[in-house]
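Taking the form predicted alone, here's one chain by itself in structure tokens.
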């Protein structure tokens, strides 16, 4: 094949695998590169939610909560003291992104992706012949008290402003649609379009398999750098000394993308928000909907053959050992919401969400090296935005006009 039509996709999580499949479908020859197996990184343990109700992470309402969160040992955000100085520059940018003038622009950008995410995921599932991987049911946001519900009024107003479909439920109406929930839940908001993926790991495996069935190849190895040749080609250098020459490169390696970006002379403020889950294979209850408890920032999701409880944010960097007390706190919270929940045949997991301080991803050509593209920083919404990101990256690589305004997602916006 003409070398100009060859592409290396670095990273085989849900973003990288979706991009590889879409590029291969558009007639390019794709080489997927990852030091691990497809779907075994952060994508393995996500909460399986197609969450269309994007809301910027920063803002005045968040600022007011941060001191309480950081002081609460069972709160939704945990900062390890040894990491505080290192994360401080990222945190200051996070605060700056919440200024009212900037916040609305961020929300508009996020919703430009959310508005087409569900349709794009459905289409992607159709391509790989697995529409059954998406649930028919939506998500319930629950509130234990009227005060909790009132405290989330800003998010309700946000959903109204962007025309998202939702329904507010009270009392017995909540248990009528999700009997496992505690009668003590005062309010719930049904988000019918926030679907669940029945097994997010299997989704990535099927995406990678579909790409390979069309001719894509997979190379196992850690990427050290990307260089340009005199004729304009790109060379991907692996740690083992292997050199892969291609026409274009897409960097979609999650939080590890930041190290490659630094070597290309365009550092990005990409931080890891460590998240935890407990996968319970004998939960003692069945659930139709995924459930999010905004006040406690975690989810309960029927996925991967059982029920998964996870969420929270731990700021501790890439190298610190997991602290699975975080996962156990979430299980206790979950048992408060779902009193019948048992923890039998359970496993615990920790992963690294690739997060940017303004909470919208980088989907962009390199500002330094022609032929290099970025797809990273999706934070809590990698699964949600996977199919849409694949479409947008494939549009840019093949010279088509993307379906959304791409300026908000450029790499040099910082």
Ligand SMILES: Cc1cc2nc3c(=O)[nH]c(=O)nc-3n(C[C@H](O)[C@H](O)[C@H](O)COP(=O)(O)OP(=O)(O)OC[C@H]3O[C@@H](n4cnc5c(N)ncnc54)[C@H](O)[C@@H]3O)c2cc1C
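Numbering follows the first chain given and starts at 1. Everything quoted here is computed from the prediction, not taken from an experiment.
This next part talks about the form predicted in complex with this ligand, which is not shown.
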Residue stretch of 38-46, 58-66, 360-368, 23-31 approaching this ligand in the predicted bound form, non-hydrogen atom distance within 4.5 Å: 38-46
The unique member of 187, 256, 296, 206 whose heavy atoms fall within 4.5 Å of this ligand in the predicted bound form: 256
Answer option from 76, 138, 110, 275, heavy atom within 4.5 Å of this ligand in the predicted bound form: 275
4.5 Å heavy atom contact, residue 381 to this ligand in the predicted bound form: yes
Contact flag, residue 322 vs this ligand in the predicted bound form, heavy atom cut 4.5 Å: no
is_contact(residue 221, this ligand) in the predicted bound form, heavy atom dist at most 4.5 Å: yes
Any non-hydrogen atom of residue 302 within 4.5 angstroms of this ligand in the predicted bound form: no
Heavy atom of each of 10, 14 and 351 within 4.5 Å of this ligand in the predicted bound form: yes
